[in-house]
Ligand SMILES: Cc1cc2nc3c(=O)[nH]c(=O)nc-3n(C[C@H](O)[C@H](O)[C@H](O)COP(=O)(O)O)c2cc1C
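One chain comes next, on its own, written as structure tokens: the form predicted on its own.
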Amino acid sequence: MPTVLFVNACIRGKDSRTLALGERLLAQIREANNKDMAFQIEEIRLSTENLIPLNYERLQRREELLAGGQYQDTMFDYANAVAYADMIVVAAPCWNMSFPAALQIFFEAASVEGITYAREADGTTRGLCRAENMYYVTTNGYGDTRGLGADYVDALRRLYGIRELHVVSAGGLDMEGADVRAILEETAFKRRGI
């Protein structure tokens, strides 16, 4: 059964405007694909995960596991989830001009040579991920609606070999006089490559 991987980096939980927008996108995906195929949504809620950044000891362990071909070790759960998903949706609020630190740690764990990408003899990389589409959902209280996080996610999308990134963003939500509900509704109903 096809899988949509939903990486939820929304720190505010049910109070998150980004999560509300992400859930609307998931509903659109479900509606658009309901006629053609059944699929499951696998959510990784980063606020409840035990995310540990790489340090020297963890990096050594990772290299030993990879050298031994132990790609199914739990250390590689995030990488395998990304590699085998048929579609990826990342929901992350704009946080310090990018996204919450938990998402950086997730991507660090998901970017594994031999699982999500391969290095060729000439030094170039080749993506190994199954997904053709990745969605980056974000909201911003002020200014630029995309934030720098979209550029980072786009670079990883290329590393992973995912054909296209769709950015779903709503900005200006904290500006004086902003009609937050109207902005989110307008963003949610824009046509996308679903």
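Sequential numbering from 1, following the sequence displayed. What you are looking at is a predicted structure, and each value in this text was computed from that prediction instead of being measured.
The next section is about a form of this same protein that is not shown, the form predicted together with the named molecule.
A.B. asks: Verify the flagged residues 18, 97 and 139 against the named molecule in the model of the complex: is each one within 4.5 Å by a non-hydrogen atom?
C.D. replies: Yes, all three are in contact.
A.B. asks: Looking at the partner-bound form in the model of the complex, is residue 25 within 4.5 Å of the named molecule by any heavy atom?
C.D. replies: Judged by the heavy-atom cut-off of 4.5 Å, residue 25 is well away from the named molecule in the model of the complex.
A.B. asks: Is residue 183 close enough to the named molecule in the model of the complex to count, meaning some heavy atom within 4.5 Å?
C.D. replies: Result no; residue 183 lies far from the named molecule in the model of the complex.
A.B. asks: Taking heavy atoms and a 4.5 Å cut-off, does residue 174 contact the named molecule in the model of the complex?
C.D. replies: Judged by the heavy-atom cut-off of 4.5 Å, residue 174 is in contact with the named molecule in the model of the complex.
A.B. asks: Of these, 103-111, 116-124, 69-77, 87-95, which stretch puts a heavy atom within 4.5 angstroms of the named molecule in the model of the complex?
C.D. replies: Looking at the other structure, the answer is 87-95.
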